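Here you get one chain, nothing else, as structure tokens; it is the form predicted on its own.
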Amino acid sequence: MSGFDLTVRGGTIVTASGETAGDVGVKDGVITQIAEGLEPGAEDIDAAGKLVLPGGIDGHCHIEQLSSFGLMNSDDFFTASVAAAHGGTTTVVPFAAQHRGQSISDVVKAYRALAEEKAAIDYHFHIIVTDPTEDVLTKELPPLLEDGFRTLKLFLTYDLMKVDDYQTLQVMEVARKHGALIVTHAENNEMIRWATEKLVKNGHTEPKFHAVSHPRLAEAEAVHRAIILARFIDVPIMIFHVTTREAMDEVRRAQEAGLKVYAETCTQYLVLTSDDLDRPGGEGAKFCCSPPLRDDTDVEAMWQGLADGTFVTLSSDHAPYAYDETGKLNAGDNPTFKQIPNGLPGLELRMPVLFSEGVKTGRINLPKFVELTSTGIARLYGLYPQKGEIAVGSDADIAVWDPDAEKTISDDMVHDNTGYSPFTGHTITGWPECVISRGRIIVRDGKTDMAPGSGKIAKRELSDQAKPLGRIEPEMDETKNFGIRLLD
């Protein structure tokens, strides 16, 4: 018998850099050897004919988060952990959400306490900033950023969440000084407000009009503006949940100009469309999310962005609201689109849907799949190489995939606490049959072995992606480039 606590033997190891045959040996929760012909450990997994991948990281999900309207989403940290693990995800980065008037320090403490009590996989947090007071900017954020909370989320829409351009610049300045990454929900609030008022006034209130109320140009404009503000301050920025070709083009132009602009899209924007909002009997409410589902041409554009590297990650934007009075129907059985909480469950199916619709169809290859769902997220958010890699010294976060397993999604087969899946009826090919978190087998053959509180907060370092360019724009001289000189 070897000295390993756990071995995964005989599979094809897939990382973001390639594929290789080999075995993985684990001791004390860490990968200690990768080679062919390892002796079996105390626990041995036969991965012959299977794929051995890094555990997934979902870098954008909402867990046990109170909305600005006072609604708690459906999942707590334990139910979300179980759902994530069944889909191959072993680390999550949800949000510590400040609402107006709240202390960010208190908010972070409260969310950490919830996760410490209930999370069964590893985690860290993005901080949502909605009220950047002087105390928040000068006293509360700096120590949190230095303590590893290295991403700040800004909303450019939602009346109770949004920050204006001046406040955005203030938060960006703090992020630049302390090596943090700005992440943003970019839609033009006033365009959405204007369109919504016109629709409601004219009686167009069904769920299908949710997509109409969020004009595609509202997304493109806000993405452009966010990039310009970040360029002015010289701070890297991540654009969350891109849905349209126009918004993607704004990102690509910035990347081609050499700016540190990153972007993601989400699972739902790869397979669902605005037609789903027009389902009979009010079922369209289940598909209300923001930005909204778009059309077939945008679906193809999102796949293009994944394949060509415009998008560096794929997230779920898991925002679960049950289809009852506690969630989607909190305003009654026939709510207007304006009254329906925005968000879809998707934590469990993020990786299986991408594998089935991406890898199995030839749209992306296996290393790209790993990059989008794990390694790229770890690099961007400062978790690499502890997370997102199968390498000696990395945490033993591993998912063993059966590439040919076939499942048809139904509402009762998913493990989150929402009660339905927007992907119900879709047939998925490829599924994780064994999932390991820091050397613990937490899912095997559909059965769970997880305890609340067994997850840990992951260590985060300052990533290269979060460092400012620190350069003078080539078309400007030093006396005109106030964006750099006033800060330095």
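Residues carry their position along the shown sequence, with the first being 1. Predicted model only: the values in this text are computed from it and were never measured.
Omitted here: the form predicted together with ligand DUC. The next part is about that form.
Proximity of Gly343 to ligand DUC in the predicted complex falls within the 4.5 Å heavy atom cutoff. Among residues of the shown chain, Ala319 is one whose heavy atoms approach ligand DUC to within 4.5 Å in the predicted complex. When ligand DUC is considered in the predicted complex, Ala399 lies well away from it, no heavy atom lying within 4.5 Å.
Using a 4.5 Å cutoff between non-hydrogen atoms, Tyr323 does not count as a contact of ligand DUC in the predicted complex. Note on the partner interface in the predicted complex: the residue among Phe209, Phe155, Tyr384, Phe77 having a heavy atom within 4.5 angstroms of ligand DUC is Phe155. Of the candidates Cys289, Ala180, Met238, Ala230, Cys289 is the one whose heavy atoms come within 4.5 Å of ligand DUC in the predicted complex; the others do not.
Here the chain stands by itself, but in the predicted complex one stretch of 335 to 343, 108 to 116, 349 to 357, 296 to 304, 335 to 343, has heavy atoms within 4.5 Å of ligand DUC.
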